[in-house]
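Just one chain follows, in the form predicted on its own, and it is written as structure tokens.
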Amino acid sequence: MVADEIPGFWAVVPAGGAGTRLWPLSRAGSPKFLHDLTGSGRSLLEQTRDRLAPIAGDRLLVVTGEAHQDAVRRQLDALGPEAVLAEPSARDSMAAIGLAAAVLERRGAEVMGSFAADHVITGAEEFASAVAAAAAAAADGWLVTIGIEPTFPSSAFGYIHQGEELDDHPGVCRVVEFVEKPSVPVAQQYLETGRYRWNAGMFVVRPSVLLDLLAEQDPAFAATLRAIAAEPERLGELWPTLPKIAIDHAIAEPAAAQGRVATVPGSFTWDDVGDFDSLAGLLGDAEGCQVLGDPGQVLATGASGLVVPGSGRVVAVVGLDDVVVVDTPDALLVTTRSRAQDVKAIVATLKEIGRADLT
């Protein structure tokens, strides 16, 4: 079954961040959304486009950094030149998504949905159904988020506390609150209630509603975004004046406290590929070493984990369990899956010692 296009729906794809926990594979100059991390032959950005095309057609707007706009355009060459907005500098998700909303407001878009460029989703029909339900509620003025059904008590994700079902939208529930990353015991309690979902940062809303919610919290912020959309030549002048804040803190949490946010449960499989442990699990927790890249470049004996060969050298792993080896032309990472989150500290250290060329 092929998903139907959602009339008047625009897909917004924020494509930012350096994916520092995936260093040295992902870097500031070549972030993870530009890489094929699933072995499919398609980058995460291209997979995002593939997933959104059935429901949005060519109505897609990517917001990315100036340094990445050429690479984004090459990967999405079938889209027109107006499909990419380039940020002069990173100012977090509210500015990026808000700019897209301001542009789409002027284009007369009815509803928009924001979906990160670096997530992996399987279950295309389930995803499309969730977006369609979210778009229907958003058309009635709700700020809607898609909450992922948790599969384990994760302390790596924020959670959405799901309330009562909306009268006019079966299956869509009011959001009681957004909860920051909890401890594992608290996350276990959340799962036992059946009323919590992972917060994947997917928001569906009318562009004008998003900007009006922002204006209630920060009138100048919303006005500046609308000014940039009206006069794009002022982007370089006005962009640096915008606050650095995530959309969750800027509007989602305050709006939820006012009872103006709803959530649609997402039954599809979702992964934000946050580190090499997550990537290894995504590729399959089989015996032996998983290889992302040319398996002919890896020799493994009595070993398990993940190997990413990328320097042209043969990588040999002997007698190590749950190892992570990432070999690039100018940097080699060796760690364990259990310490994968700590890779981010290496990137910070490289910056401190003046080796930003490696980050």
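Quick caveat, the model's predicted, so the values are computed rather than measured. Counting begins at 1, following the sequence as shown.
In what follows, reference is made to the form predicted together with a further copy of the same chain, a form of this protein that is not presented.
Among the candidates Leu320, Ala28, Leu60, Ile55, the residue which, in the model of the complex, approaches a further copy of the same chain to within 4.5 Å (heavy atoms): The residue from Leu320, Ala28, Leu60, Ile55 that makes the contact is Leu320.
With the partner left out here, check for me: in the model of the complex, does some heavy atom of Val291 sit within 4.5 Å of a further copy of the same chain? Result no; Val291 lies far from a further copy of the same chain in the model of the complex.
Under a 4.5 Å heavy atom criterion, is Val314 part of the interface with a further copy of the same chain in the model of the complex? Close contact exists here: in the model of the complex, Val314 approaches a further copy of the same chain to within 4.5 Å, heavy atoms only.
Any chance Ser304 has a heavy atom within 4.5 Å of a further copy of the same chain in the model of the complex? Output for Ser304 is no: heavy atoms all beyond 4.5 Å of a further copy of the same chain.
Please run the contact check for Trp10 against a further copy of the same chain in the model of the complex: heavy atoms, 4.5 angstroms, yes or no? Answer no; every heavy atom of Trp10 is more than 4.5 Å from a further copy of the same chain in the model of the complex.
Candidate stretches 320 to 328, 66 to 74, 46 to 54, 30 to 38 - the one whose heavy atoms come within 4.5 Å of a further copy of the same chain in the model of the complex: Heavy-atom contact with the partner occurs in 320 to 328.
Which residues, if any, of 326 to 358 lie within 4.5 Å of a further copy of the same chain in the model of the complex when only heavy atoms count? Asp327, Thr328, Pro329, Asp330, Ala331, Leu332, Leu333, Val334, Thr335, Thr336, Arg339, Asp342, Ile346, Thr349, Leu350, Ile353, Arg355, Leu358 sit within 4.5 Å of the partner.
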